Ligand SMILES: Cc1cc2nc3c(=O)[nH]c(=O)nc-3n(C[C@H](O)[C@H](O)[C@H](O)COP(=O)(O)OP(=O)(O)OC[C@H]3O[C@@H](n4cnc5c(N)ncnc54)[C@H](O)[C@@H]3O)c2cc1C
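The data below hold one chain only, encoded as structure tokens and taken in the form predicted alone.
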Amino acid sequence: MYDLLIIGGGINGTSIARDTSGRGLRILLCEMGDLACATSSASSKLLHGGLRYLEQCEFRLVHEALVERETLLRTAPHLCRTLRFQLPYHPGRRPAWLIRTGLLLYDYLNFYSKLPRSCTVKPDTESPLHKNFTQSFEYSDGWVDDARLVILNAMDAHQHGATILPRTRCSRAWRSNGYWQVELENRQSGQRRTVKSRMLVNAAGPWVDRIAVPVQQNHPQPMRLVRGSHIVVPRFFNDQHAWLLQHDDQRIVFVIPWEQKFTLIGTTDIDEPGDPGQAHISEEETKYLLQVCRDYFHNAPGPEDILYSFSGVRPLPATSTSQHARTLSRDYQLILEQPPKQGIQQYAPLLSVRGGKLTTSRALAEQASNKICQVLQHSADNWTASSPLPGGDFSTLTELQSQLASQYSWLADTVLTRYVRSYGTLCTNFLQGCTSIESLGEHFGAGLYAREIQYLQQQEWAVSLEDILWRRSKLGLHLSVIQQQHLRAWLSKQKIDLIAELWQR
């Protein structure tokens, strides 16, 4: 029997699993696909307070997100980095005084941050902006590897005793004798089993209202499923900072340097009427993102430059069905449903998680864990704000890379840099005992070796090509079609079935 069963292996579910398992609760987390296979790997990869949310007067959310930005920069220094943004002033859009006021408020809401404050700059001769842009506003925020943040939360939960079951669907759940009975289905083998838990958490993201879980009361607000889409093009500017661009419909678009050679452009805000798992960018969204870039950059990409696109669906609380998607709150709701006793019968509690954003996931999990501990009458202190995520136990990236470069001098700098930024100190798990490049096994291209893949299979629940190339890494951008086909064939020959192994525990 478990104290808590969590449905959903995205950022909210894994963060709650990490927090509650670290408080000594017995946790099982099930995810119908791979960890971070949906919205949590389809974000803008930003660690930010949400400058635009100030227009909706969401001061509490922005302040919390800015505080959490600093926490994640400190506890996951391998996954996160600071990033300077430029916001070009467009005379036909928001007035300069409003932007400057918003940036001053943004700075004030996280006054003690060590990140550089906002300022005004003039584009130089190397700027990719059209010549008619003569002023930009610059400010600081952060970037994070979204899918790896999910994986590391799951790893930390597992290290604290949690059972993590990817590719396992909650087919149904019901209350019985004061407990939850939950039927789980292994999506690889089709095998089913039923487990018992004292409490249930529904953190299924865009599927939160579609899970086959009986609820006792109506949710206070309807949910809106909003699709955010991105495109990836070759790098078309040399600056290391990112851009925040305004459009005439009051929406904004991020243009972010990504993976050394690429530029990430997004996001959109479109209602998603279909299955969130089948979300994909529309022709209209593609045209929209390209048009915004053409409005600002003289060397803007065209449709022929698009290398890759992805879409994620965000479940957002909505006060009105007529409300524009861009104005919907990115705040979260924790809805506790604990029907009163009927005679001597105690009903098992359910906590539903609705909304949220990547940056505030740790704070969301802490608040959820406090509610869970109160309901389960379990006493434990908050702990995640000061504890590094797996691999984050080092002083600085420069110092760690220098130490590893000395120890593994035969490793190419580009490969070592990726190891440090993806795994931190965890990379020693697969580098240990290696004395030459040949020790890493077969090379599949772009610095991906068999030794790393085996580590991902054994320690990070990776099974498929997509798990390895698009979630555990972004090497899918760098490997050719032929290289990917070779890797797929190699994986199909592997006899390791981690899901079946976990299922038997």
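Numbers for residues come from their place in the sequence shown, where the first is 1. Everything numeric here is computed off the predicted structure, so don't read it as measured data.
Unshown form predicted in complex with the ligand; subsequent notes refer to it.
- In the predicted bound form, the ligand sits beyond 4.5 Å of every heavy atom of Y179.
- In the predicted bound form, at least one heavy atom of A204 sits within 4.5 Å of the ligand.
- The shortest heavy atom separation between T359 and the ligand in the predicted bound form is within 4.5 Å.
- A residue is said to contact a partner when one of its heavy atoms sits within 4.5 Å of a partner heavy atom; G424 fails this definition for the ligand in the predicted bound form, lying far away.
- Here the marked residues G22, R26 and T163 all miss the ligand in the predicted bound form; none has a heavy atom within 4.5 angstroms.
- In short, of 473 to 481, 460 to 468, 33 to 41, 447 to 455 it is 33 to 41 that has heavy atoms within 4.5 Å of the ligand in the predicted bound form.
- None of L431, V253, I211, A76 but one reaches within 4.5 angstroms of the ligand in the predicted bound form through a heavy atom, and that residue is I211.
- Using a 4.5 Å cut-off on any heavy atom, the one residue of 144 to 168 that reaches the ligand in the predicted bound form is T168.
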